[in-house]
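As a starting point, one isolated chain is supplied in structure tokens, in the form predicted alone.
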């Protein structure tokens, strides 16, 4: 989990909606699979992306647009390679 905490209080629902809009409408991100959840300490971004670089770009853009909002990232990276083992079915 990655935390970006500039020390501000909890964001309101408008900031949550703006971040979600940024993630979906910015052509460089265009990510619909990220969920934004407000907590008493800030925002948590949940979801899965295809690479660590993509996750870092999302966090960079959100932190750049909302520098005073404490952000915690729980964005995982999905496996993009074929499995190396054969799945055995019962």
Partner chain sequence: MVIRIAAVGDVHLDEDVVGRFRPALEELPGRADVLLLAGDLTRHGTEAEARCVAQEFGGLGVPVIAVLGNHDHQCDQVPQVVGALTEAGITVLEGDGVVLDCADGRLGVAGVKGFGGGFAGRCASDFGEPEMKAFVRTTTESADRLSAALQSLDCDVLVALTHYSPVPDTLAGEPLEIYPFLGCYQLGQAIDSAPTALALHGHAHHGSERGVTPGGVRVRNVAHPVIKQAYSIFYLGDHLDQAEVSSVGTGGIQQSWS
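Positions refer to the first chain, counted from 1. Computed from a predicted structure; not experimentally measured.
Absent from the display: the form predicted in complex with its partner chain. The rest refers to it.
Within 4.5 Å of its partner chain in the predicted bound form, a heavy atom is found for every one of 28, 33 and 51. With a 4.5 Å cutoff on heavy atoms, residue 47 counts as touching its partner chain in the predicted bound form.
Its partner chain in the predicted bound form comes within 4.5 Å of no heavy atom belonging to residue 17. Shown here without its partner chain, the chain has only 77 in 63-77 lying with a heavy atom within 4.5 Å of that partner in the predicted bound form.
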